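Single chain ahead, written as structure tokens, the form predicted on its own.
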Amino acid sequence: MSNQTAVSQNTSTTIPEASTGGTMMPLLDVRDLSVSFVQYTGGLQMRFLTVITSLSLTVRPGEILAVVGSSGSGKSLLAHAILGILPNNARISGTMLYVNEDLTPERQMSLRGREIALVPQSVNFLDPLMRVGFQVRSAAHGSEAAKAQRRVFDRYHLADQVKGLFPFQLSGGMARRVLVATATISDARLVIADEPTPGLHPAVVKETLNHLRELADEDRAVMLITHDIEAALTIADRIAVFYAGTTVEIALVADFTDNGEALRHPYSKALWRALAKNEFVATPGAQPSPDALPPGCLFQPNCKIATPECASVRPKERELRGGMVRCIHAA
């Protein structure tokens, strides 16, 4: 039994249409999730470092939700919280529901690798003592695992002899393709892809993204964690923007257009305008560290439209123009 604090059960959660992008019940529903880590300072004084605060999102069957934001904004930690693979010093509060049932540690263990598959960011997730062909086949179901492994190897340009290699014999790009193959070969209803494409050849990047889109079109749910907003926009249905450990906006892909006037949060607009194809303008300041979060709105120290009220009030999420936003000035 993990010593993580169990998330609270709430099977009567009401899901607003703007948060799901539709009226279908979400496959995954995360509400007011907070994640802290127990640390000990000098003199063995215990403190809690909060890295995720009041984070909410949903993913429904048939869609790709892309999660974007700078490094340290909580994207990978969210994936690990969903799967129940956080370190033992993690403490969790809030609600995580899968098919409207609480994701307890016991349920996470039973679903992990079966109904919920992860494409991890680190190639160290591969078992160093197991040949990669067996690792991929073990994720497949049914009597056709060997054929499924050959098909997915062909798809990701992995030669047949790769199946007999150990992870240390693979290049970084090959190892990442094996991770993608392992997750996508399964019958998982929810696929969480954590930065699946860095270091891959452009053709393989395109194939990987297209495969994730195919999985969603097969009525599975996909959460794509990425720094590449432009790539996400080619396949995703909605975009969740993270900042300093929380969701500041969830928007339709169609909102990322022109000068970003359809977006709701100042940080989302800044991300969009920072792209090379747009204004290529950097936002002054930096994302605050978890041990130095500002009072009020987390973005207010760097926000051009901040007012005194922004420094005292932590904005709650609210529906706005078919999306979600945390900003008292958004209209």
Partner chain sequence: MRMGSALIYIGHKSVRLAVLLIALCAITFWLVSQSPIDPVQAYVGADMMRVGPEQRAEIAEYWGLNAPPLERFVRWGSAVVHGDFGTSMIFRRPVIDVIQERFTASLVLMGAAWVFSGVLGFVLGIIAGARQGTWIDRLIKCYCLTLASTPAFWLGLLLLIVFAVWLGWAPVGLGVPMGVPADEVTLGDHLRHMILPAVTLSIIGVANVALHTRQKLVNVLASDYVLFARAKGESEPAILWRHGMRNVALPAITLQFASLSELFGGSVLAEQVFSYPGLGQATVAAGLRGDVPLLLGAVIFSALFVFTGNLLADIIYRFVDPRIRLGGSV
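Positions refer to the first chain, counted from 1. Note that the structure is a prediction, hence the values are computed from the model and not measured.
Omitted here: the form predicted in complex with the partner chain. The next part is about that form.
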ask   = Only one of 257-265, 125-133, 221-229, 148-156 gets a heavy atom within 4.5 Å of the partner chain in the predicted complex; which is it?
value = 125-133
request  = Would you mind picking the one in L215, L83, A188, A244 that has a heavy atom within 4.5 Å of the partner chain in the predicted complex?
outcome  = L83
inquiry  = Please tell me whether any heavy atom belonging to G173 falls inside 4.5 Å of a heavy atom of the partner chain, as the geometry stands in the predicted complex.
reply    = no
inquiry  = At 4.5 Å between heavy atoms, is G74 in contact with the partner chain in the predicted complex?
reply    = no
key: Interface membership of T234, the partner chain in the predicted complex, 4.5 Å heavy atom rule   = no
inquiry  = At 4.5 Å between heavy atoms, is R112 in contact with the partner chain in the predicted complex?
reply    = yes
note = Checking the C-alpha spacing of S122 and N88, a student should find that in the predicted complex it changes by 3 angstroms or more, with the atoms farther
